[in-house]
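Quick heads-up: it's one chain on its own, the form predicted on its own, in structure tokens.
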């Protein structure tokens, strides 16, 4: 996954939360980057026809943008689940955010064979909790 995929994932999640276009400010907040940085990447993604951006209205992913965002989200869930279920890393969310930008598709696929991803992934992802929904019962049990 690369930075572009991280942006696509963030835009997808903001769109899901807002049930409409994602504001660039919300995307910047989610990624903890400056609005200028978010605008720059959004412009690049628009040139690649992965999204449409209308000033003051927000960002909408194209069908290809949605496909890539869902793949990125799926990989993020795989990383989170691997870190918690296999490695038992307590700070798995922070680690997953750091790893998502450097793990390629081959590694994600191999991690997926270990955690045995569920078919509802990535629709189970809880954007507000920033966690794979399949982990929530485990997290509640450990509290």
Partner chain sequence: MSLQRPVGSDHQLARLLQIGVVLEEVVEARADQHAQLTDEVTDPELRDMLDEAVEESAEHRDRLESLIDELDAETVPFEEIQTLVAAQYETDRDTDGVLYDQLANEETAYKFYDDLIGAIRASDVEFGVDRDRLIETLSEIREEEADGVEDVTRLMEDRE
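Residue numbers count along the first chain shown, from 1. Everything numeric here is computed off the predicted structure, so don't read it as measured data.
In what follows, reference is made to the form predicted in complex with its partner chain, a form of this protein that is not presented.
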property: Proximity of residue 89 to its partner chain in the predicted bound form, heavy atoms at 4.5 Å; result: yes
property: Residue 83 within 4.5 Å of its partner chain in the predicted bound form, heavy atoms; result: yes
property: Residue 97, heavy atom within 4.5 angstroms of its partner chain in the predicted bound form; result: yes
property: 4.5 Å heavy atom contact, residue 63 to its partner chain in the predicted bound form; result: no
property: Interface residue in the predicted bound form among 59, 50, 115, 77, criterion: non-hydrogen atom within 4.5 angstroms of its partner chain; result: 115
property: Full three-residue contact with its partner chain in the predicted bound form, heavy atom 4.5 Å, for 23, 121 and 131; result: no
